[in-house]
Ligand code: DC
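First comes one chain, alone, set out as structure tokens in the form predicted alone.
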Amino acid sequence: MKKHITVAIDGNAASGKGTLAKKLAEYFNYAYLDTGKLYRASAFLIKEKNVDYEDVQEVINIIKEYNFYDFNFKDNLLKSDEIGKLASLISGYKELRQILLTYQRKFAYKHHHDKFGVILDGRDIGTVVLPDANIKFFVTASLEARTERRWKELISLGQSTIKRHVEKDIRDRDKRDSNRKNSPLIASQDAILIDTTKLEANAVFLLAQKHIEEYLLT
């Protein structure tokens, strides 16, 4: 029976990949990294320092000197729509992706005390970050379903927002993610596809859990 494995979860905005990753990590006792938060943290840092996001070199100068091990990834400000938009805008910078790629791979291959594996979720985990991951999932959902989820999340965080604006933001983000030159959002050929449009979070979890358990028993 296999014990230590790597799991890659990719998907578009508000598809449910983060919820799935966290549930699987808790259930199987795997170390977990939400790679999207690295980009949101980067966005937070350049906003805090009042740096123009279009000044690529200055963005890189700030991020390459920063130790993300010191960052508070639980800060709810990272979930704000403003930070999300900014993160999406800078995520296509090749130099930034390379810096964060190094961090992500170090996390994936380091020893995590008492953990039996690692799970990373993001946009390019199965294709770029961990192309040799033992199991890969690609999570998706309809635009309408994802809009509803993100809108409710923002409302729960006390942010005043209009649903049609949320839909536009997600549509724009999908376009940027899929069309960017560096590490576009695409499903790895060996990824297990999960459409969460009509599935509750627990049903998605049980489906993915079954795939992992089947792999562990081979």
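All values derive from a computational prediction rather than experimental measurement. The numbering used is simple: start at 1 and walk along the sequence shown.
Below: the form predicted in complex with the named molecule, not depicted.
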Next item on the list: Would you mind picking the one in 171, 180, 163, 47 that has a heavy atom within 4.5 Å of the named molecule in the predicted bound form?
Entry: 180
Next item on the list: Using a 4.5 Å heavy atom cut-off, indicate which stretch of 29 to 37, 187 to 195, 57 to 65, 155 to 163 touches the named molecule in the predicted bound form.
Entry: 29 to 37
Check: Contact between residue 130 and the named molecule in the predicted bound form at 4.5 Å, heavy atoms?
Finding: no
Margin query: How about residue 97 - does it come within 4.5 Å of the named molecule in the predicted bound form, if we only consider non-hydrogen atoms?
Written below: yes
Check: residue 88: heavy atom within 4.5 Å of the named molecule in the predicted bound form?
Finding: yes
Notebook entry, point to check: Taking heavy atoms and a 4.5 Å cut-off, does residue 84 contact the named molecule in the predicted bound form?
Noted result: yes
Next item on the list: Residue by residue through 117 to 145, tell me which have a non-hydrogen atom within 4.5 angstroms of the named molecule in the predicted bound form.
Entry: 122, 123, 124, 125
